[in-house]
Every structure is written in C-alpha cells, then in structure tokens.
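Just the one chain here, laid out as structure tokens, in the form predicted on its own.
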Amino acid sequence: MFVTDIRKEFYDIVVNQRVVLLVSLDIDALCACKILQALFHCDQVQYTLVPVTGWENLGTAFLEHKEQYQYFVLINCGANVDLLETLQPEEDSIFFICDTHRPVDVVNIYNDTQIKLLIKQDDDLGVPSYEDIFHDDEDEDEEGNRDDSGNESDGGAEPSGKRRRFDEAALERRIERQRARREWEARRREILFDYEQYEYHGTSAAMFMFELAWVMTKDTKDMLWWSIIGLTDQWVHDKITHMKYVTDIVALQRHVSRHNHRNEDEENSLSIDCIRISFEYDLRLALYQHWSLYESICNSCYTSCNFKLWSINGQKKLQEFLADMGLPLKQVRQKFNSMDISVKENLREVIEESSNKFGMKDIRVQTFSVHFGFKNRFLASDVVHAAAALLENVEKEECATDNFIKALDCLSRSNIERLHVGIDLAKKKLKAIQQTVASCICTNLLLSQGPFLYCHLLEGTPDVKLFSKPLALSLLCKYLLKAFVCSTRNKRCKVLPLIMAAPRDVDKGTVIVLGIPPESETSDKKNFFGRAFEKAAESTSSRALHDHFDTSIIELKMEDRSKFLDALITLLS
C-alpha cells in the first residue's frame, strides 16, 4: 500500500517504537539512512541499523530481529519482490519500504495491512488495476455451488427431460465461466509481463527522506546535502535519465535557495563550522579538484571516450586539446590546489571553450558543491566516488559491515579525513577502470554475440578483484560500452546492450554477470536483462544465485557460463 501522508502514516507511528533499519549497500541508501538517523536522534527513537548485501542477507537479518521488533524500515530493498512471500513474517510485523527499484511488486502495492510503500507516486509507475490482477474466487464457488445444489434439490420430483435441460444449462454456464476465467488469466499474464518486463529506478530514497524532514520542518543543510549526494549517485551510476536528473536538480535547487536565504546573516556564513551549499554548472571531470587536471581528463569517462585515449591518435588529440587551452603542461600536471590562482580563475570557461571545438559540447553539467568551513570544498560527484570506493574497498580484507560503517562515516562533515581516504581510493578505482577499458578495447575482448555485446574479464586481469563488486562492475560496464560505441564503425553494434562477466569468488568457482541497456543519449535506462537472466538460468538448469537487489546482476558457476550465454542468445534473438 502506498503511504499518502508520510508524516502521519509513517513517522508518527515509528517515533514511539523500536525500529530496525535494513539498508542496502548503495550510496543513495546510505544518504537516506543518514537523514533518517538524524531525525531519529532528534526524537530519541530507538533503532537498530543492519546493512544488507542481498536477499539472503535480508532474510537472515529479519529472522534475527523478528522476535524483538515489530517495525522494519527497508531502504533501497524489498519493493520489487513479494516481500511477505520472501520473508514469511508473522501477521503483526509491519514493513515500511523506501526503495528506488522499479517495478514495484503488485502484491506489495495491494497489501493494506503489513506493507507500507514510501514511494513517490508521481513517478510513472504504470501499476495495473486490482481487477486485472486479482480475481475473487468466492463468487465463482458460490455460483458453482448454486448450480450443484439446484441439481440435487430437483432430484426425484422433476421429470427426467426437464432435469436434463437443467443439467445442460448448468453445464453451459460452468463452461462459460471456465472460458472467461482462462481469458482473464491469459490477459493477466500479458499485463504482468508488460508491467514487470523492464527494471528501472525511481526517485532517490534520500530525496524522499529529505521530503519527510521538510514536511516536519526538521530539515537541515546536512540533510539537504545528503539528499543531493543520493541524487548524484543515481546519475553517476547511470540509474536515471538525464531529464529525470535535471528535474530533480531543479527541485533541490529550490531547497538550497531557501536554506541559503535563511542563513544569510554574516556571522553564520563566516563561521568555521558552517556548511555552504551552492548550485554549480561544473565540469564532467571526476575528482579534478583533488587530482591534477591531466589525470582527471585521462580517467574521466566523458573525456577519455571522446578523445579515445587508448589509441595513439587519442593521445595526440589530448595534447592538441591542452595546447588549445593555452595552459602550461607544468600547471596541468600538478595538483589542482597547487595551480596558479590566475590559471584557476577562469579555468571552467577555458575548458568549455576548447571542449566545444573538440566536439564535447556538454562538458559542463548541473550539480552542487559544498564548503565545509574555509578550507574544504567538494562536488557532489566527488563524495559519491569516495563513498562508493570505501563501500567496496578490496585493499583490506574487511567485512561488508565494516566498509558500510566507514562509507556512512565519510558522509559526516566531522569525518573529513575519512572522506579524503575515500577520494584516494576512488582515484585508484577510476585508474583501474580506465586501464581495463583500454585493455578490453585494444585486445578486442568485447565480442558481438548477436543480440548483445559480451565481455569476460579473466582471472589474473589486473584489478579483477575490484570488479567482483557490483558498483565497480556497473561503472566499468558503463565506461566500456561508451568507449566501444565511440571506437567502433559497426553501426549495428552501436545500439547493442552489454553483458559483462567477472570472477566473483575463485574458491567457489563463481562469476558475477551484469547486463546494461544500449548506450544512447535518449536511453530511458530501462533494463530487460533481469527477466532474461531468470529465464535463461531456468531453461538451462544453471546454478545461478539471484541474490542482488538489482535483478540485472546474477552470480553463476563458471562451468555453466557458456550454456547460460547460449540460452540468452536464443532467448533474445
């Protein structure tokens, strides 16, 4: 059931209860969690925070806490499956689900008692009507019983000819009902197939939680910044369309103006502890303010793919671009903070002007930046990259929960050091992605399999451990497909989706497989691989694990990979 009054139907209920927060491992979920934690601290709500990596983990966490808790808040998990069927809870357990995964399961939507959906209904959900999906069997049973009882009661009194006619009439009615039922079931299957065919993402969970804080007039600048990071995460990881991103940016811009106007008194704006958020029309260069400009250009997807930096011609083009900007190489190759102020002053305009000459007309994008005190300035995308790198850190053998806590900590302005650690990890990750993309393009590892492109990272590939993680693999997938589209001359291959496989656990002999839709500026970001993976695994009896909250990511046994791919080719051809 959709919650219409978020304050009355959600917050006022949980504020006097002990609550379990079950939070998925993605940056938007982390930000939504931070906002809800801040609200809970305001009202001294007792809660237990449990990070969950997948469906199995979610089931275990629920079993551990169901005896002590009645109320469960699920962030970015739980909406796209029949949750009651999955968890088998007692009748008094209540689930509040704030999830961006679409489509929302119809049983969750029409359950009025235990499932409460914290989801914006102005998203284009396209939910089928109740009558098309659920059928009331009681009416049919009553009719059938009436026919039967009519036959029995008329038993010995009526002449046999009249009874035969009555039997025929009852039989015809029964046949008619069965035919109508079959037609309804066929139509239901069709409606559900159309509704569940594609996986996509709705409004950011962090934005939804910020709206709750705003409705209760408890919103702060920190909460607003977290909601901005949540939206930026969706854009960085290619989960929403550019139009949706711009629409939500405009909504957040109004809140930024309101908060800045509220804190305009000079004493507040000059405090060393202050937080200042500003709307920016900034460069699409990853982490450039914490790196050298040269490194950022080389390791950002947008510039790297446009220049084709994996080729000699691409490297020449980059040198021409730097020359056109008129910036000395010494300045470009040193850390951004150390560049001359005269160079930095109009850097964005200089880069934009040269980019236009080199065909990169949208080098700048709408975003937000934050100032913590006097010294620290971060773009929203910097924080997304840093938090994602901490969340999926593979340098130390730490468990997912430890990494979750570190990523959560780096979002607080009291933990700037941790954020800088995350930024350093993010630089290594972006370098690894760029080198892997160059390697795959130069060695023709990307193969056309007919209805899709396919790339398999072999065990022993540099940084392959990093790509066993879903966020890193999805970013690599996005970069690789864009690079391939920029480099290939085959027009048919330019419009194909990409499936990528990477070693998940060498000891268990498993691979992680991820599919993304075709690369295009007008793409609606709807992914059909979830259902396709399910059917292919089922038809080949592949040993597959559908444990991720994103249905377009599955785990397979290495030996089953080739028959699974063959089934996919047959299915999608």
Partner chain sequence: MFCEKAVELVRELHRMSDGQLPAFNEDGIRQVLEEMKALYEQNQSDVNEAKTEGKSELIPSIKFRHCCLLRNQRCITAYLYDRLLRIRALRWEYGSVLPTTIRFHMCAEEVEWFNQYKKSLASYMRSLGGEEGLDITQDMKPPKSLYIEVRCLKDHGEFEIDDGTVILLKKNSQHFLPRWKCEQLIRQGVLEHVIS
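Keep in mind that what you see is a predicted model, and the values were worked out from it rather than measured. Numbering follows the first chain given and starts at 1.
Note that the form predicted together with its partner chain isn't included here; everything after this is about it.
Asks: Just one of 505-513, 526-534, 544-552, 45-53 has residues with a heavy atom within 4.5 Å of its partner chain in the predicted bound form, so point it out.
Replies: Every other range fails; the passing one is 45-53.
Asks: In the predicted bound form, is there a heavy atom of its partner chain that lies within 4.5 Å of any heavy atom of residue 18, even though the partner is absent here?
Replies: Taking the distances in the predicted bound form, the answer for residue 18 is yes, it comes within 4.5 Å of its partner chain.
Asks: Under a 4.5 Å heavy atom criterion, is residue 282 part of the interface with its partner chain in the predicted bound form?
Replies: No, residue 282 is distant from the partner.
Asks: Taking any heavy atom pair closer than or equal to 4.5 Å as contact, tell me whether residue 419 reaches its partner chain in the predicted bound form.
Replies: It does not: once its partner chain is placed as it appears in the predicted bound form, residue 419 has no heavy atom within 4.5 Å of it.
Asks: Give a yes or no for residue 127: in the predicted bound form, does one of its heavy atoms lie within 4.5 Å of a heavy atom belonging to its partner chain?
Replies: Contact check for residue 127: no, nothing within 4.5 Å of its partner chain in the predicted bound form.
Asks: Looking at 362, 190, 402, 340, which is the one with a non-hydrogen atom within 4.5 Å of its partner chain in the predicted bound form?
Replies: Result of the distance check: 402.
Asks: Scan 425, 87, 440, 408 and let me know which has any heavy atom within 4.5 Å of its partner chain in the predicted bound form.
Replies: Checked against the cut-off, the match is 408.
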